[in-house]
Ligand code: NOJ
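The chain below stands alone, shown as structure tokens; this is the form predicted alone.
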């Protein structure tokens, strides 16, 4: 047992955990070079402990050319020297564990960075060599091989193939600096088994698996036509050329065998954009054990939409023998405090291209709904994933100047998509000073002046702040969770009322106020008067009458 009373030997901790995502380059800068690092994160461990989370999910911290925010990994067994050292990583694990907080690290298995030793060896080797067989190299089409081998396209725009000087082409479903591995190669599979062991041996408790649905591909020639990438066109029977193929599950069964070598077994959660009926496959006990549910990210602020999506997610988890995962924001999507302040159906990319001016965002409404939505999800069975800064109520920074953008989407899309940088702006810790306390040397993305109002320093002084509400909610949740039983009370169309094991319930209003049922009000995202009417777009937790 730790000082905080949490048992780090519990093999099922991930089922109900509150996991806080740290995007390390934007969390805290300890050495003043403008980039967040492990030293800054170590200094903020007391802040994370006070927040009351169960685990930190650490986004990529590996050596990288930063062609895609660190998701172009050049060495899977080291720390980017701009971020820290392996010794600092070990110190971070120890500091978190001392607070009863586990650590989950991102693993990026679909592709490496172009600076990886394997890819450099592949470029130096001849076509048909073992070095090239670790990746997907092919001869081109056309009379002289001058055309890409297929019509496949990159997630970031443009073709998914790049030609090398000897005339062959290599596959990259993302940026050219992110060459795809060939997962039919046993050497690739064994390499990642060793990577899992390397970090598990250093005390890592689990893994978030990037692009888990894309590892297995149909690489038989001639390649099938697949001229666009979108999750809605993925085949639903496991035979898609690129995504969610049946063979991917053999890969993850091998991972599970490795993760089960440890006591307690290492956990994993899949980032898998798969057809709904197939998502539970990734969460089976003999595979990764859990898969992200992203459907709520796509839903409007609506009781029927939320209720249906939540019920579907619970059913999927039950089918897989897993637990649900609840998420409203992460490093890849517009922050939900802004999304919920926009009219339903807003094209978020078009909104970003206007610097967040068309349509106008009602920030007050967005924050009300964000707090209500978060409390609703924290009341549900399963694990909740929070994204750094949401505990401060941070909205999206939609007006970043284009010359400051770092996301490769901006250039690869020919300036038609602004990208994800607005959710990755470094956090404000103080109300003044260089980069609002992020670090002495400024920040790698510009922070707006209004960040001062959302700084940790300001919110810690305000008992009514978003940060104070998150801290109260997480502390209370830890005492209330008891079992996975849940029941919905469906007698009010604009209300979601969730009854939980242990004699408590959560009530959320969507667009209109509602009378609360009997019981002690434990927590509410908006003030509730003596009339016990919960305002519109709010959530309250209540203890049932004895």
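Residue numbers count along the first chain shown, from 1. Fair warning: this is a prediction, and the values are worked out from it, not measured in the lab.
There is another form of the same protein, the form predicted in complex with the named molecule; it is not shown, and what comes next is about it.
Not displayed here, the named molecule is approached by residue 108 to within 4.5 Å at the level of heavy atoms in the predicted bound form.
None of the heavy atoms of residue 266 is located within 4.5 Å of the named molecule in the predicted bound form. In the predicted bound form, the named molecule sits within 4.5 Å of a heavy atom belonging to residue 332.
Although the partner is absent from this view, residue 68 contacts the named molecule in the predicted bound form, with a non-hydrogen atom inside 4.5 angstroms.
Only one segment in the set 246-254, 157-165, 206-214, 132-140 has any non-hydrogen atom within 4.5 angstroms of the named molecule in the predicted bound form, and it is 206-214.
Checking 429, 174, 282, 183 for any heavy atom within 4.5 Å of the named molecule in the predicted bound form turns up a single hit: 174. For the candidate set 417, 74, 271, 295, a heavy atom within 4.5 Å of the named molecule in the predicted bound form is found for exactly one residue, namely 271.
Shown without its partner, the chain has no residue in segment 473-488 with a non-hydrogen atom within 4.5 angstroms of the named molecule in the predicted bound form.
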